[in-house]
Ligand code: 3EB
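Only one chain is shown below, in structure tokens, and it's the form predicted on its own.
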């Protein structure tokens, strides 16, 4: 099997390992129900090698290429509720991954509607965390993969869990400015969120930094409520801290200039212009920034970003 390195860009390539679409569903796309507000129009394509195999079932779409795998698990939560649907989705994911040729989960994306609905421990995001914790195994938590959880548009229907896996383990990274999510205090729910802040994958100049959903949080405290500009600045401070940690751990220099893809989720469409202006102060390659309408898992925060960086 040919081993190739990961590259992320926007193109109409028909055979990448993973292709995210943010408009209408189409064949071969991992469709994400977060409306595209601004940025690249083409699909976000994650390519590893030229040989891609494709397998589908009712709930699982699996693609393999170059020693990596992409899995898209989709569960209808309407009859189950978000907690049981999450448990089912993660059991399906782990069953497909653990005995495969690509047993290491590097990165996960979770999308479901009305993520902030419900009060206290009944909030849908907290129930999602409980369902995930009930399904995962010890290997998942030592340490957990990089991940994002975003509230998609519409009413509760589909839970989408998308995972990038590999024959080779990545290196989980934490941000020294933030408490690890899996060590959050009880005030944030009965179960701590199960994700690392970033994953360093590959080797040499082919390394990539996969940054999890990152927001205006220092320690475990949300900052700058109601101030989009300050939230963006704080979020980029966290992003730069992760780039610095990746540089130290890898021996290669990671900077914002190496961004291959950056997604910025914006809670309120009316905040797009302010968010774009604030992001423009930081990003050298603004043509690689995609702005999406999405709810942040903390209801007091208005933006979140995630990205892929090359050295």
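From a predicted model like this one, the values you see are computed outputs, not experimental measurements. Positions refer to the first chain, counted from 1.
The same protein also exists as the form predicted in complex with this ligand; that form is not shown, yet it is the one meant from here on.
Taking the partner from elsewhere, no residue among 22, 36 and 114 has a non-hydrogen atom within 4.5 angstroms of this ligand in the predicted bound form. Just one listed stretch, out of 211-219, 155-163, 225-233, 76-84, contacts this ligand in the predicted bound form at the 4.5 Å heavy atom level, and that stretch is 211-219.
When contacts are judged by a 4.5 Å heavy atom cut-off, residue 131 does not count as touching this ligand in the predicted bound form. Proximity of residue 110 to this ligand in the predicted bound form: non-hydrogen atoms within 4.5 Å are present. For residue 193, a non-hydrogen atom is located within 4.5 Å of this ligand in the predicted bound form, even though that partner is not displayed. The closest non-hydrogen atom of residue 290 lies beyond 4.5 Å of this ligand in the predicted bound form. Interface residue among 93, 200, 147, 239 relative to this ligand in the predicted bound form, by the heavy atom within 4.5 Å criterion: 147.
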